[in-house]
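Take a look at this single chain in structure tokens; it is the form predicted on its own.
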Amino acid sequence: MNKKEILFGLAAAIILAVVLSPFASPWPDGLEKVAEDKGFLAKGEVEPAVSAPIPDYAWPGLKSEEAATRAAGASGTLIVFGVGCAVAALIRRKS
């Protein structure tokens, strides 16, 4: 893959994240739903070891929930891309 193809893929992923992120389900995921139904959801509510950078997609400074969700989707895509590039560079260096 050349850089042009990688950047095209990244741009497509960011566009998809920005466009589709507001349509994410507002309901709890399967594990959270089972924990709620079985009555042990509160037991999992402890202080996290590391605080989330964007908890519940509430982007600092953005009052619009939709805009905050879009910003979180775009930034998450960029973070995953960056981590993927770093891992690929480490693997390439070891080979």
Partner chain sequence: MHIPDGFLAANTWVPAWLISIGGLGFCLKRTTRILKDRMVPLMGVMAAFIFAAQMLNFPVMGGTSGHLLGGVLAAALLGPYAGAIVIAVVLIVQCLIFQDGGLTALGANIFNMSFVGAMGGYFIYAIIRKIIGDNKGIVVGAAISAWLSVVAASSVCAIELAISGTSPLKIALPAMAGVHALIGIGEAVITCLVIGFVLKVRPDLIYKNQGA
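Heads up, when I say rigid core I mean the largest set of C-alphas that superpose within 1.5 Å between the two forms. Computed from a predicted model, the values in this text were never measured in an experiment. Positions refer to the first chain, counted from 1.
We do not show the form predicted in complex with the partner chain, though everything after this point is about it.
K.L.:
Just to confirm, Pro53 within 4.5 Å of the partner chain in the predicted bound form by heavy atoms?
P.N.:
Flag for Pro53 set to yes.
K.L.:
Do Lys43 and the partner chain come within 4.5 Å of each other in the predicted bound form, heavy atoms counted?
P.N.:
So Lys43 counts as contacting the partner chain.
K.L.:
Might Ala35 be said to contact the partner chain in the predicted bound form, defining contact as any heavy atom within 4.5 Å?
P.N.:
Yes, contact at 4.5 Å.
K.L.:
Going by a heavy atom distance of 4.5 Å, is Gly61 a contact of the partner chain in the predicted bound form?
P.N.:
Contact with the partner chain, no.
K.L.:
Within 4.5 Å of the partner chain in the predicted bound form, which residues of 3-38 have a heavy atom? Give them in sequence order, or say none.
P.N.:
Result: Glu5, Ile6, Phe8, Gly9, Leu10, Ala13, Leu16, Ala17, Leu20, Ser21, Ala24, Ser25, Trp27, Pro28, Asp29, Gly30, Leu31, Lys33, Val34, Ala35, Lys38.
K.L.:
Verify the C-alpha shift of Pro22 between the shown form and the other one: is it 2 Å or more after superposing the core?
P.N.:
The answer is no, as the C-alpha of Pro22 shifts between the shown form and the other one by less than 2 Å after core alignment.
K.L.:
Hey, does Gly9 budge by 2 Å or more at the Cα between the shown form and the other one once the core is superposed?
P.N.:
Passes the 2 Å threshold, so yes.
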